[in-house]
Every structure is written in structure tokens, then in C-alpha cells.
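Before any questions on binding or motion, here is one chain by itself as C-alpha cells, the form predicted alone.
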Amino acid sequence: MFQPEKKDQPNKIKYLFGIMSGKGGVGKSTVTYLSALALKQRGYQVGILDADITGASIPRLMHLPKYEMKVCGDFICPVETDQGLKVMSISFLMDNEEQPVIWRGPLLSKAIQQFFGQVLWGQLDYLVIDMPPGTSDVALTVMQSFQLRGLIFVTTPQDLVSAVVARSIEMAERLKVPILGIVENMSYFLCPHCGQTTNFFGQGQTEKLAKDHGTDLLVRIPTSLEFGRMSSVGLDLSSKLVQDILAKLSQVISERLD
């Protein structure tokens, strides 16, 4: 891992917050990308730090091709997307995206610290951290080492998932990291033909989870063609549904951080 000797610190980040779940496969990286894009559309300067080292998916989700990482003086240059987002992920340093990262906890934690402090983020209004699933070393490093303004938790409306997500919320509570709220992904199925909604997993689990921990259900994101095909064909920004979700995310994040 690149370890430059730095003389000055050019990074000035106003708000730093994480997207966490505790459970893999619930759409945590999707919510990270949507949150960052939502804030960018409101005119903010935004970056994404992909802290899910062993399961990095942000580059694929955002359709970022293979980049040759560059050095900016004493720092690593982040990737800057066509949408104006600055992104750093372990995937940019690997020969291919299918190459496994077989590191022990201390090395993973060190990599996250370097992605934060040794990347030239510059002046950002928001840096969004895509947290790894679980409550292991990397999550602990982020919560204890970074000045987080808070965490948004991602769940799906299933009791099994809620139970796992609750453990991560409990971890944040014990470490005194503010909980900004909960996003329910795959909340319902939206039929592309008739527009009817179907609650595959039932209702009420996320409301109960939020109530149990004294927080709010912020946004419901449906299972739809727009979001289901995002990783394969990209995000359809002309979709009213997509713009509605982006507007809701930017509103609730701004309200809780500003």
C-alpha cells in the first residue's frame, strides 16, 4: 500500500458519515452511491470511500472502468467520475475485480486509515463511507478513528435481517456514534407494467427496529427495474422513481447533518 510522507494536510471535509448494515446483500453499497449522488445533485462536493475492502462493489455499481491510480504529490489521487464524485476503492489497486483480498484485520484497518488520510480528497462537503458488513475490525476502526457525524443503517423488511442489523446499531450505540436513521431497501416490489406494489417480505419490521433504537425510518427503496438493473446497465436518471428517491435521500441526510 502506498505510504507517502505528508507535510501538509489539504483535505477539508465538512461532514463524514457512514452507510452500514451488519448484514451483507441488503443494498448497502447501493444506498451509499444513491446518497452520494443525491447530495451531488444538490450542488455539494461529495466523495465515496469504499471501506468494504474484502467485498468492494462500488466501482462495479458505478460502472467505473479500471483505473491506473496516480500520485498527487504526497497523496493518492482519487478517481473522479463523470458525475463529479470522488471515489477511492481497493478495486482500483487490484489487477482485476475478481482478485481476492486475503488480509488479516490489522492490515485491513491500516488500509482504511490510508484511504482516508492519504487520499487527496480536497475540499468536500460530504464524504460517504461504504462500511463492510459485520462488526469486526474495519467497522471498529472507522467508528473509533474517524470523526463520524453519524451512521445510516440499511435493512430489508425481514425479521432475520432486522435482528442482524440490530447488532450493528447496538455497536454504534455502545461506541457513542450517532444513528442518523434507517433506510429500508427492497421495501416492496413495484410492477413495471401496472405500477402495483407487492410487499414480498411483509411490513412493520423496520418500523419496529427504528422504534426499538429511538431512530427513524428515513426512506423506503423499492425493488424495481431501475434499481434492480443498476449494476448491469447503469442508473436511469430520467426515471421519476429514481429522482424521487434521490430527493428524499438528500433531504433527510441534509436535515440530520446540517
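Numbers follow the displayed sequence, beginning with 1. These numbers were taken from a predicted model, which means no experiment stands behind them.
We do not show the form predicted together with a small molecule, though everything after this point is about it.
So, in the predicted bound form, is residue 222 in contact with the small molecule at a 4.5 angstroms heavy atom limit? Residue 222: contacts the small molecule in the predicted bound form.
Just to confirm, residue 201 within 4.5 Å of the small molecule in the predicted bound form by heavy atoms? Contact check for residue 201: no, nothing within 4.5 Å of the small molecule in the predicted bound form.
4.5 angstroms heavy atom contact with the small molecule in the predicted bound form for residue 227: Yes - in the predicted bound form, heavy atoms of residue 227 and the small molecule come within 4.5 Å of each other.
Is there a heavy atom of residue 24 no more than 4.5 Å from a heavy atom of the small molecule in the predicted bound form? Taking the distances in the predicted bound form, the answer for residue 24 is yes, it comes within 4.5 Å of the small molecule.
Which one of these stretches, 201-209, 41-49, 28-36, 62-70, sits within 4.5 Å of the small molecule in the predicted bound form when only heavy atoms are counted? Looking at the partner contacts, the answer comes out as 28-36.
Partner-contacting position among 186, 139, 183, 180 - heavy atom within 4.5 Å of the small molecule in the predicted bound form: Looking at 186, 139, 183, 180 one by one, just 186 meets the 4.5 Å heavy-atom criterion.
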